[in-house]
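Form predicted on its own, single chain, as structure tokens, below.
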Amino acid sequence: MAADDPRSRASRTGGPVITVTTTVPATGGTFVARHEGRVVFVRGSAPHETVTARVIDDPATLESARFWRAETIDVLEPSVDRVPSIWPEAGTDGVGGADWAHIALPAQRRIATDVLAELLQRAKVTSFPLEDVQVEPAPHDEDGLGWRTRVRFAVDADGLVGMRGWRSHEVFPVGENPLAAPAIRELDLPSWTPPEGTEAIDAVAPSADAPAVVLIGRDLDPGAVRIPGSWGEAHVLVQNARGLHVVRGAETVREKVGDLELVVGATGFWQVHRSAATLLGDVVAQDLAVRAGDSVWDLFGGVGLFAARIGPAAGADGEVVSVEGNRRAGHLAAQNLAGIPGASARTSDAADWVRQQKRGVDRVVLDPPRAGAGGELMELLAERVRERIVYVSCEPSTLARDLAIAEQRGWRIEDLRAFDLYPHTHHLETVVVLERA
């Protein structure tokens, strides 16, 4: 079994227990320590603390491995950044959805800032001063709680509704689930007994609609679902091997972003933090600075959030095209953009779309998945975009790689902002403005 493979907790308990003192943060939410000269990446720790930790790599590879991965068992000398966990059920012995729940929120942002700056430096990104990198909180997010509007629950063989542990198949109770939006907590899914065949449950708390509950199971029978009264008017759907089935309500929900109301698939992608769509829409609209008559591509456009925000600025004489690879999301983008002059939607792979265009474009916004845009797309954009690229990223390591490519192709970073849109986890969102050097 390779060290990166998912595995049950039971299969990870045989590694050696070591005592180490952590130093600086690393990518992926871990912290660096050393044991007998070997680097160890310690999960569940904090900066500059002494812990006992269990090595979780394959015992057969430990002697030859360049580094080890370990999980904290006990804290011997705590970091000044360590606080009582905001989610006691999370951590190395519980659910995997809040790996920094034991670190003070201001320290989380400081640590994330250091990680982002280090990644940019390692990628040899030089056109933006690293001392200006700073992770910002979302507006009005004072405690980092109640922000998740999309939550996936796991269901074990006994019908327990909980969440899986980190890199584990084991399902753990979630307790109060403090990161979930109030509308999701009010569904009280962990107290409900799902029908036989349920493997997972997605809960959605849209900003302009009733919640949605999607029961997932390959052989799950939609007729077996009994909706509890406590779910109110929630949309209820079943996703099985034959497709998506509406038990009650609709397969889409409505999201409010400023003056816009967008239709989103209950099973589709949407920004998970309750403030993210509005915040990112505002920042992208400001950074892209679209003028009347401009041509704009919105790559990885989803259901058309950014295209809907910037379309009015381009006006009837301009052209804003949302390009999305997922067919269902692309269809909804066309619906959401139908009333905006000059705006349209296409379903296509982003690189394929750019490669096929015979003309260049004035401005581009792209919001790729964690894998990033990649070298081919960045090189195409560097060649074909005339004025400005705004890159929205949820993964700093691939962002740093792509920015380095843009710099090598004659572009520079005009501005870079990072936002803590995943509090109590190591993830962050970044918006970068690129212009020709």
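The first residue of the sequence shown is number 1, and the count goes up from there. The structure presented is a predicted model; accordingly, all values stated were derived computationally and were not measured.
Here the subject shifts to the form predicted together with a small molecule, a form of this protein not shown in this document.
Heavy atoms within 4.5 Å of the small molecule in the model of the complex belong, among the stretches 296-304, 220-228, 117-125, 203-211, to residues of 296-304.
Residue contact check for S348: one or more of its heavy atoms lie within 4.5 Å of the small molecule in the model of the complex. Taking non-hydrogen atoms only, P59 never approaches the small molecule to within 4.5 angstroms in the model of the complex.
For S344, no non-hydrogen atom is located within 4.5 Å of the small molecule in the model of the complex, even though that partner is not displayed. In the model of the complex, the small molecule sits within 4.5 Å of a heavy atom belonging to D367. Of the listed positions (Q271, N177, T198, N336), a single one reaches within 4.5 angstroms of the small molecule by any non-hydrogen atom in the model of the complex, namely Q271. Only one of S168, N240, T278, N326 lies close to the small molecule in the model of the complex, with a heavy atom inside 4.5 Å, and it is N326.
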